[in-house]
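Next comes just one chain, in structure tokens: the form predicted alone.
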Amino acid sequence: MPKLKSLSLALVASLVSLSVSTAEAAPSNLQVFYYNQSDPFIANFNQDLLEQAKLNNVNVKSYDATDDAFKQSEQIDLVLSKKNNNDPLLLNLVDTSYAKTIAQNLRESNSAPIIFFNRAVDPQVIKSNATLWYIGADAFSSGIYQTEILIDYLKSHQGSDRNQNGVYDLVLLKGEANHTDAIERTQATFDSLNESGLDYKVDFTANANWDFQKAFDSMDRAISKLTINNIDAVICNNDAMALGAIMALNQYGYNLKDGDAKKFIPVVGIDAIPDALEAIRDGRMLGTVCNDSERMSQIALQIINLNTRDENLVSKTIGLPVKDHQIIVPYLKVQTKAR
């Protein structure tokens, strides 16, 4: 069974921590709009944000759209319509095309930073108003990194072609069909596999929509269709789906905690949520890619505290490049190393 590579999780435990300056006068309120707080990554981000806000004397009011674009638009419109409201906003949109409407509805009195995060919006929208910012990560690079973890494993392990048919037989579980991150992560997977020189086939693919249960059901169908001996690896666009796939494998005695090394099928995800890190530690999951929610929440509060439109000042403060008010937080690989 895989054994944790000590350096990899040490990196997650000791990610560069950018402390939010308390020398700046922190705003008393921050209004945060989430697409769905039941999403494990969003739940993790919210926890990080609340911890950082407490340290900086910022009161956080959050709104959960429960993946309902109409509900979220009403929530945002209500806040923007309040004449005396000038609280900074942090926006994780259900429908990223709504960012244009938000930008158009801003009054001159809305001078506080308005920050879109995690779900990429049209860069032209960010350019349209100097109070707008975007904090996110490069979805394409996350797909490259997770596939590199898998490729390294397959190349270094004899017998990883489990049915010895000369081809690596893969299952691919994707996010929402039209979601930019799902599209880019999936394309990066195919690009990386094609460049690797490995012979492979994607024998089963499904849109499990970032969801644990949908991934469990999809993986169960994959096993029923292909049989478990004809699956060499599972690639998932996020960790929630990876954990759902692992749970389905568990039903067949595979990928159990500290289980039989012959009954391990490599599964990779993206986000480095706590449950995925635990699965990596106990050998149920091969690897993930850290989407650094702590760093994102820190940067958001730094921008709010600075209350500036100067991207050079923001760049100097956070230690990352800023271009057209957009900040890309790097991913990190987190993986196991087999005995």
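Heads up: residue numbers just count along the shown sequence, starting at 1. Just so it is clear, the model here is predicted, and its values are computed rather than measured.
From this point on, the text means the form predicted together with a small molecule, which you will not see here.
- Heavy atoms within 4.5 Å of the small molecule in the model of the complex map, among the stretches 223-231, 249-257, 196-204, 175-183, onto 175-183 alone.
- For the options L50, L277, I42, A69, the one in contact with the small molecule in the model of the complex, meaning a heavy atom within 4.5 Å, is I42.
- When you look in the model of the complex, the only residue of Q31, Q298, N305, N291 with a non-hydrogen atom within 4.5 Å of the small molecule is N291.
- Although the partner is absent here, N118 sits close enough that one of its heavy atoms falls within 4.5 Å of the small molecule in the model of the complex.
- Using a 4.5 Å cutoff between non-hydrogen atoms, Q146 does not count as a contact of the small molecule in the model of the complex.
- The small molecule is not drawn, but in the model of the complex it has no heavy atom within 4.5 Å of F216.
- The small molecule is not shown here, and in the model of the complex it never comes within 4.5 Å of any heavy atom of Y168.
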